[in-house]
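Take a look at this one chain, the form predicted alone, written out in C-alpha coordinates.
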(Lines give C-alpha, C1' and ligand atoms only; values in the text may rest on other atoms or scores of the structure.)
Protein backbone atom coordinates (compact mmCIF):
# COMPACT_ATOMS: atom_id res chain seq x y z
CA UNK A 1 0.00 0.00 0.00
CA UNK A 2 2.84 2.41 0.84
CA UNK A 3 4.47 1.77 -2.54
CA UNK A 4 1.17 2.49 -4.32
CA UNK A 5 0.78 5.77 -2.44
CA UNK A 6 4.38 6.75 -3.18
CA UNK A 7 3.91 6.10 -6.92
CA UNK A 8 0.70 8.16 -6.99
CA UNK A 9 2.58 11.11 -5.52
CA UNK A 10 5.12 11.16 -8.36
CA UNK A 11 4.41 13.59 -11.23
CA UNK A 12 2.97 12.24 -14.47
CA UNK A 13 5.63 12.15 -17.18
CA UNK A 14 3.68 10.57 -20.05
CA UNK A 15 -0.04 10.50 -20.79
CA UNK A 16 -1.41 8.39 -23.63
CA UNK A 17 -4.99 9.42 -24.37
CA UNK A 18 -7.20 7.35 -26.68
CA UNK A 19 -4.54 6.38 -29.21
CA UNK A 20 -5.83 4.54 -32.27
CA UNK A 21 -4.19 3.30 -35.46
CA UNK A 22 -5.53 1.19 -38.32
CA UNK A 23 -3.84 -0.28 -41.36
CA UNK A 24 -6.49 -0.76 -43.99
CA UNK A 25 -9.20 -2.72 -42.24
CA UNK A 26 -6.95 -3.93 -39.44
CA UNK A 27 -7.35 -2.07 -36.14
CA UNK A 28 -3.85 -2.33 -34.66
CA UNK A 29 -4.39 0.02 -31.69
CA UNK A 30 -7.86 0.98 -30.49
CA UNK A 31 -8.43 3.79 -27.99
CA UNK A 32 -5.50 2.96 -25.70
CA UNK A 33 -5.02 5.24 -22.70
CA UNK A 34 -2.69 5.14 -19.71
CA UNK A 35 -0.50 7.37 -17.54
CA UNK A 36 3.14 6.88 -16.63
CA UNK A 37 4.69 8.58 -13.62
CA UNK A 38 8.32 9.57 -13.24
CA UNK A 39 10.68 6.82 -12.10
CA UNK A 40 8.07 4.15 -12.78
CA UNK A 41 8.65 0.95 -14.74
CA UNK A 42 5.63 0.02 -16.83
CA UNK A 43 5.38 -3.29 -18.67
CA UNK A 44 3.28 -3.59 -21.82
CA UNK A 45 2.33 -7.19 -22.47
CA UNK A 46 -0.03 -9.21 -24.63
CA UNK A 47 -0.10 -11.95 -27.26
CA UNK A 48 1.72 -11.61 -30.57
CA UNK A 49 -0.08 -9.14 -32.81
CA UNK A 50 -1.82 -7.38 -29.94
CA UNK A 51 -0.48 -3.94 -30.94
CA UNK A 52 2.40 -3.46 -28.51
CA UNK A 53 5.07 -2.31 -30.96
CA UNK A 54 2.54 -0.26 -32.92
CA UNK A 55 1.70 1.56 -29.69
CA UNK A 56 5.38 2.33 -29.08
CA UNK A 57 5.77 3.52 -32.66
CA UNK A 58 2.88 5.94 -32.09
CA UNK A 59 4.42 7.27 -28.88
CA UNK A 60 7.87 7.75 -30.43
CA UNK A 61 6.75 9.30 -33.72
CA UNK A 62 7.47 6.43 -36.09
CA UNK A 63 3.74 6.28 -36.85
CA UNK A 64 1.06 8.97 -36.82
CA UNK A 65 -2.09 8.09 -34.88
CA UNK A 66 -5.52 8.17 -36.50
CA UNK A 67 -6.91 9.47 -33.22
CA UNK A 68 -5.78 10.27 -29.70
CA UNK A 69 -2.95 12.23 -28.12
CA UNK A 70 0.50 11.72 -26.60
CA UNK A 71 1.38 14.16 -23.83
CA UNK A 72 4.98 14.17 -22.54
CA UNK A 73 6.03 16.44 -19.70
CA UNK A 74 2.81 18.40 -20.18
CA UNK A 75 3.50 18.97 -23.89
CA UNK A 76 1.38 17.57 -26.71
CA UNK A 77 3.84 15.68 -28.95
CA UNK A 78 1.25 13.85 -31.04
CA UNK A 79 2.56 13.26 -34.55
CA UNK A 80 5.98 14.80 -33.92
CA UNK A 81 8.90 13.44 -35.90
CA UNK A 82 11.09 10.92 -34.04
CA UNK A 83 14.13 13.20 -33.89
CA UNK A 84 12.11 15.93 -32.14
CA UNK A 85 10.78 13.42 -29.62
CA UNK A 86 14.30 12.12 -29.00
CA UNK A 87 15.47 15.67 -28.28
CA UNK A 88 12.86 15.90 -25.53
CA UNK A 89 14.38 12.88 -23.81
CA UNK A 90 12.51 9.81 -25.08
CA UNK A 91 14.72 7.02 -26.41
CA UNK A 92 13.84 3.52 -27.54
CA UNK A 93 15.30 0.21 -28.59
CA UNK A 94 14.00 -1.94 -31.44
CA UNK A 95 13.02 -5.60 -31.60
CA UNK A 96 15.35 -6.02 -34.55
CA UNK A 97 18.71 -4.61 -33.51
CA UNK A 98 20.01 -1.94 -35.84
CA UNK A 99 23.74 -1.32 -35.33
CA UNK A 100 26.11 0.33 -37.77
CA UNK A 101 27.59 -3.07 -38.58
CA UNK A 102 30.96 -1.97 -39.97
CA UNK A 103 31.77 0.36 -37.06
CA UNK A 104 33.39 -0.82 -33.81
CA UNK A 105 30.85 -1.26 -31.04
CA UNK A 106 31.90 1.87 -29.17
CA UNK A 107 31.77 3.98 -32.34
CA UNK A 108 28.08 3.10 -32.65
CA UNK A 109 27.48 5.57 -29.84
CA UNK A 110 29.00 8.51 -31.71
CA UNK A 111 25.70 9.73 -33.21
CA UNK A 112 23.75 9.96 -29.94
CA UNK A 113 26.80 11.48 -28.24
CA UNK A 114 26.84 14.20 -30.94
CA UNK A 115 23.09 14.79 -30.67
CA UNK A 116 21.65 18.27 -29.99
CA UNK A 117 20.15 16.97 -26.74
CA UNK A 118 23.52 15.85 -25.38
CA UNK A 119 25.15 19.05 -26.56
CA UNK A 120 22.52 21.10 -24.75
CA UNK A 121 22.74 19.09 -21.52
CA UNK A 122 26.54 19.17 -21.60
CA UNK A 123 26.67 22.90 -22.21
CA UNK A 124 28.43 22.34 -25.52
CA UNK A 125 31.28 20.40 -23.91
CA UNK A 126 31.33 16.80 -25.04
CA UNK A 127 34.64 15.67 -23.57
CA UNK A 128 36.42 12.63 -25.01
CA UNK A 129 33.57 10.89 -26.83
CA UNK A 130 35.47 7.65 -27.33
CA UNK A 131 36.08 7.41 -23.60
CA UNK A 132 32.45 8.26 -22.82
CA UNK A 133 31.28 5.61 -25.30
CA UNK A 134 33.46 2.96 -23.68
CA UNK A 135 32.19 3.95 -20.24
CA UNK A 136 28.61 3.55 -21.45
CA UNK A 137 29.32 0.12 -22.89
CA UNK A 138 30.90 -0.90 -19.61
CA UNK A 139 27.73 0.28 -17.84
CA UNK A 140 25.66 -2.19 -19.89
CA UNK A 141 28.01 -5.12 -19.39
CA UNK A 142 30.78 -4.87 -21.99
CA UNK A 143 34.15 -5.83 -20.56
CA UNK A 144 36.22 -2.63 -20.60
CA UNK A 145 39.56 -4.18 -21.50
CA UNK A 146 38.28 -6.93 -23.78
CA UNK A 147 38.34 -6.87 -27.57
CA UNK A 148 34.53 -6.91 -27.80
CA UNK A 149 34.29 -3.12 -27.43
CA UNK A 150 36.50 -2.70 -30.51
CA UNK A 151 34.93 -5.36 -32.74
CA UNK A 152 32.69 -4.46 -35.65
CA UNK A 153 29.15 -4.29 -34.31
CA UNK A 154 27.91 -6.57 -37.06
CA UNK A 155 30.09 -9.39 -35.73
CA UNK A 156 28.83 -9.24 -32.14
CA UNK A 157 26.69 -11.98 -30.57
CA UNK A 158 22.99 -11.24 -30.09
CA UNK A 159 23.34 -10.57 -26.37
CA UNK A 160 25.92 -7.85 -26.91
CA UNK A 161 23.82 -6.27 -29.67
CA UNK A 162 20.90 -6.00 -27.24
CA UNK A 163 23.19 -4.29 -24.72
CA UNK A 164 24.44 -1.95 -27.45
CA UNK A 165 20.82 -0.92 -28.16
CA UNK A 166 20.40 -0.03 -24.50
CA UNK A 167 23.69 1.89 -24.47
CA UNK A 168 22.41 4.10 -27.32
CA UNK A 169 19.51 5.17 -25.10
CA UNK A 170 21.90 5.95 -22.26
CA UNK A 171 24.15 7.92 -24.61
CA UNK A 172 21.20 10.15 -25.47
CA UNK A 173 20.72 10.89 -21.74
CA UNK A 174 17.06 9.96 -22.09
CA UNK A 175 14.64 10.46 -19.22
CA UNK A 176 12.12 7.95 -20.63
CA UNK A 177 13.58 4.73 -22.05
CA UNK A 178 11.31 2.39 -24.03
CA UNK A 179 12.64 -1.14 -24.40
CA UNK A 180 10.99 -3.23 -27.12
CA UNK A 181 11.59 -6.88 -26.19
CA UNK A 182 15.05 -6.28 -24.77
CA UNK A 183 15.01 -9.75 -23.19
CA UNK A 184 14.11 -11.54 -26.43
CA UNK A 185 16.67 -14.14 -27.48
CA UNK A 186 18.80 -13.77 -24.36
CA UNK A 187 20.03 -16.78 -22.43
CA UNK A 188 19.32 -17.21 -18.73
CA UNK A 189 22.89 -16.12 -17.96
CA UNK A 190 22.54 -13.01 -20.14
CA UNK A 191 19.25 -12.13 -18.46
CA UNK A 192 20.88 -12.47 -15.06
CA UNK A 193 23.36 -9.82 -16.16
CA UNK A 194 20.95 -7.37 -17.78
CA UNK A 195 18.11 -7.28 -15.21
CA UNK A 196 20.35 -5.55 -12.62
CA UNK A 197 21.20 -2.93 -15.25
CA UNK A 198 17.50 -2.07 -15.57
CA UNK A 199 17.19 -1.99 -11.79
CA UNK A 200 20.14 0.41 -11.60
CA UNK A 201 18.45 2.73 -14.11
CA UNK A 202 15.43 2.91 -11.83
CA UNK A 203 17.61 3.71 -8.82
CA UNK A 204 19.12 6.53 -10.90
CA UNK A 205 15.67 8.01 -11.47
CA UNK A 206 14.95 6.92 -15.03
CA UNK A 207 11.46 6.09 -16.26
CA UNK A 208 11.08 2.89 -18.29
CA UNK A 209 8.49 1.20 -20.50
CA UNK A 210 9.19 -2.42 -21.36
CA UNK A 211 7.41 -4.49 -24.00
CA UNK A 212 8.05 -8.09 -23.06
CA UNK A 213 6.99 -11.68 -23.60
CA UNK A 214 9.31 -13.00 -20.89
CA UNK A 215 6.95 -12.34 -18.02
CA UNK A 216 8.88 -13.90 -15.16
CA UNK A 217 11.81 -11.50 -15.56
CA UNK A 218 9.57 -8.51 -16.30
CA UNK A 219 7.40 -9.06 -13.25
CA UNK A 220 10.46 -9.00 -11.00
CA UNK A 221 11.04 -5.34 -11.81
CA UNK A 222 7.77 -3.84 -13.16
CA UNK A 223 5.68 -1.51 -11.01
CA UNK A 224 2.63 -1.94 -13.23
CA UNK A 225 1.63 -3.63 -16.47
CA UNK A 226 -0.83 -2.81 -19.23
CA UNK A 227 -2.25 -5.79 -21.13
CA UNK A 228 -3.18 -5.41 -24.80
CA UNK A 229 -5.29 -7.77 -26.86
CA UNK A 230 -6.40 -7.10 -30.44
CA UNK A 231 -5.18 -3.53 -30.04
CA UNK A 232 -7.22 -2.77 -26.93
CA UNK A 233 -6.04 -2.30 -23.35
CA UNK A 234 -7.95 -4.97 -21.42
CA UNK A 235 -6.27 -4.65 -18.02
CA UNK A 236 -3.87 -2.47 -16.04
CA UNK A 237 -2.34 -2.75 -12.60
CA UNK A 238 0.15 -4.66 -10.48
CA UNK A 239 1.48 -7.74 -12.33
CA UNK A 240 0.13 -10.32 -9.88
CA UNK A 241 -3.30 -8.67 -9.75
CA UNK A 242 -3.60 -8.28 -13.52
CA UNK A 243 -2.76 -11.92 -14.13
CA UNK A 244 -5.71 -13.01 -12.01
CA UNK A 245 -8.22 -11.34 -14.30
CA UNK A 246 -10.25 -13.76 -16.44
CA UNK A 247 -9.93 -11.68 -19.61
CA UNK A 248 -6.15 -11.67 -19.27
CA UNK A 249 -5.97 -15.40 -18.70
CA UNK A 250 -8.05 -15.99 -21.81
CA UNK A 251 -6.17 -13.52 -23.99
CA UNK A 252 -2.62 -13.98 -22.79
CA UNK A 253 -1.91 -16.68 -20.29
CA UNK A 254 -3.54 -19.36 -22.40
CA UNK A 255 -1.11 -18.79 -25.22
CA UNK A 256 1.80 -18.60 -22.80
CA UNK A 257 0.86 -21.91 -21.18
CA UNK A 258 0.58 -23.60 -24.54
CA UNK A 259 4.10 -22.40 -25.42
CA UNK A 260 5.36 -23.90 -22.16
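As the structure is a prediction and not an experimental result, all values here were calculated from the model. Numbering follows the first chain given and starts at 1.
Same protein, other form: the form predicted in complex with a small molecule, not shown, and the subject of what follows.
The shortest heavy atom separation between residue 33 and the small molecule in the predicted bound form exceeds 4.5 Å.
The closest heavy atom approach of residue 54 to the small molecule in the predicted bound form falls within 4.5 Å. Contact check for residue 218: no non-hydrogen atom falls within 4.5 Å of the small molecule in the predicted bound form. Shown alone here, residue 207 lies farther than 4.5 Å from the small molecule in the predicted bound form, counting heavy atoms only. The stretch among 199-207, 22-30, 35-43, 65-73 whose residues place heavy atoms within 4.5 Å of the small molecule in the predicted bound form is 22-30.
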